[in-house]
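Before any questions on how it binds or moves, here is one chain, the form predicted on its own, in structure tokens.
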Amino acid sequence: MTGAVMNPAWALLAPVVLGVLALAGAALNGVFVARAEGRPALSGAARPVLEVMRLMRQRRRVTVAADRLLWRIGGMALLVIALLKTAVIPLGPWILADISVGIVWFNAMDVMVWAGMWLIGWGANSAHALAGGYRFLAQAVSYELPLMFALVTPAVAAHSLRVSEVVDAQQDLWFVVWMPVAFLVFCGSVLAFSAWGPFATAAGADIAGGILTEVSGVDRLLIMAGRYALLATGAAFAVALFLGGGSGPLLPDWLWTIVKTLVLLAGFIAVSRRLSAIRPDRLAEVAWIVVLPLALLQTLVVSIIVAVRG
């Protein structure tokens, strides 16, 4: 990974790779759903394609006095933000923007997700959608600070905020081995900013689907694609920060990155299906009283180890 190359061609390839990963995530989720329902796994794997075809044909539903501009911006924002996140994620030796503050860029894009989710809830002019938007903001306030410390920890170990240098620093030992708490906090935050699994209360059934209540057709397709894309980019970034990036035997760097991302993505989907939804108020208690101190302690331990090593 040493000497990451900023290849402009990657700008054209990145959306394709992200789309394939997002589709793979949707297919994996379909397989888990099919197995839970006692149906063949193949039918579950094909479900995302059929759902795309259905939503492409479905007519857009518009509520009374909806702010259509903000609503449409919010619907498209999640997918755009996921694409912007890929700019600092290396695929083997290639990277679109090997900037000196790559980790900060990723976190800034995560904060932009707040605006996208809120606009989806606000723009619909619907009580249930608005409740979903508020729920996501409440959840975001809880997970964001632990996420920031989870991102800082590998940066401290690598003495850099540049993602390629964080990957290079793991050639002898992957960071997940000696900073497992930061890894777990980051993985939980990926599920949270993707509004997935136990953190999907913004689209909960108890509020009739929340932010998804009033969306249909292409609008719903964009939001669902955005959520899967955010999940995929989160998995890819975890690979870069904690799992050695493209390091591995026999296979080329870029292929190892994809394999690790797919394995982690499958883990996200499998684990999240076994966990119950967490209420935003309960999440705040756990995040601030338990998770944040643990994340701080992890950063402190890593800082001490780095200081001792000189």
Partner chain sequence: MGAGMDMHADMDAHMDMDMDMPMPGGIPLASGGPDRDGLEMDVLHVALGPVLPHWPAGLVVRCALKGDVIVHAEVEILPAAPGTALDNPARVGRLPSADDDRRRTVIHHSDAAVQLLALVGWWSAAGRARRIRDEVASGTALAEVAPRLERLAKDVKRSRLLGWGLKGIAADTGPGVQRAGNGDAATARTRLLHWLNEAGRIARDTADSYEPLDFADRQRESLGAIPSLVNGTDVASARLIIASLAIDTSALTTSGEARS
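A quick note: this is a predicted structure, and the numbers were derived from the prediction, not measured. Numbering follows the first chain given and starts at 1.
One more form of this protein exists, namely the form predicted together with its partner chain; it is left out here, but the text below deals with it.
A.B. asks: Within 4.5 Å, heavy atoms only, which of I278, V31, L264, L55 is in contact with its partner chain in the model of the complex?
C.D. replies: Contact residue from the list: I278.
A.B. asks: Which pick from V177, V218, A208, V80 sits with a heavy atom within 4.5 Å of its partner chain in the model of the complex?
C.D. replies: If I apply the 4.5 Å criterion carefully, the residue I get is A208.
A.B. asks: Taking the partner as it appears in the model of the complex, which of 127 to 135, 231 to 239, 83 to 91, 184 to 192 has residues with heavy atoms within 4.5 Å of its partner chain?
C.D. replies: Result for this chain: 127 to 135.
A.B. asks: Do V20 and its partner chain share at least one heavy atom pair within 4.5 Å in the model of the complex?
C.D. replies: No, no contact at 4.5 Å.
A.B. asks: R59: heavy atom within 4.5 Å of its partner chain in the model of the complex?
C.D. replies: Contact check for R59: no, nothing within 4.5 Å of its partner chain in the model of the complex.
A.B. asks: Taking 4.5 angstroms as the cut-off for heavy atoms, does A36 touch its partner chain in the model of the complex?
C.D. replies: Yes, A36 is a contact residue.
A.B. asks: Could you confirm whether V286 comes within 4.5 Å of its partner chain in the model of the complex, counting heavy atoms only?
C.D. replies: Within the cut-off, so yes.
A.B. asks: Considering only 248 to 274, what residues come within 4.5 Å of its partner chain in the model of the complex, judged by heavy atoms?
C.D. replies: R273, R274 sit within 4.5 Å of the partner.
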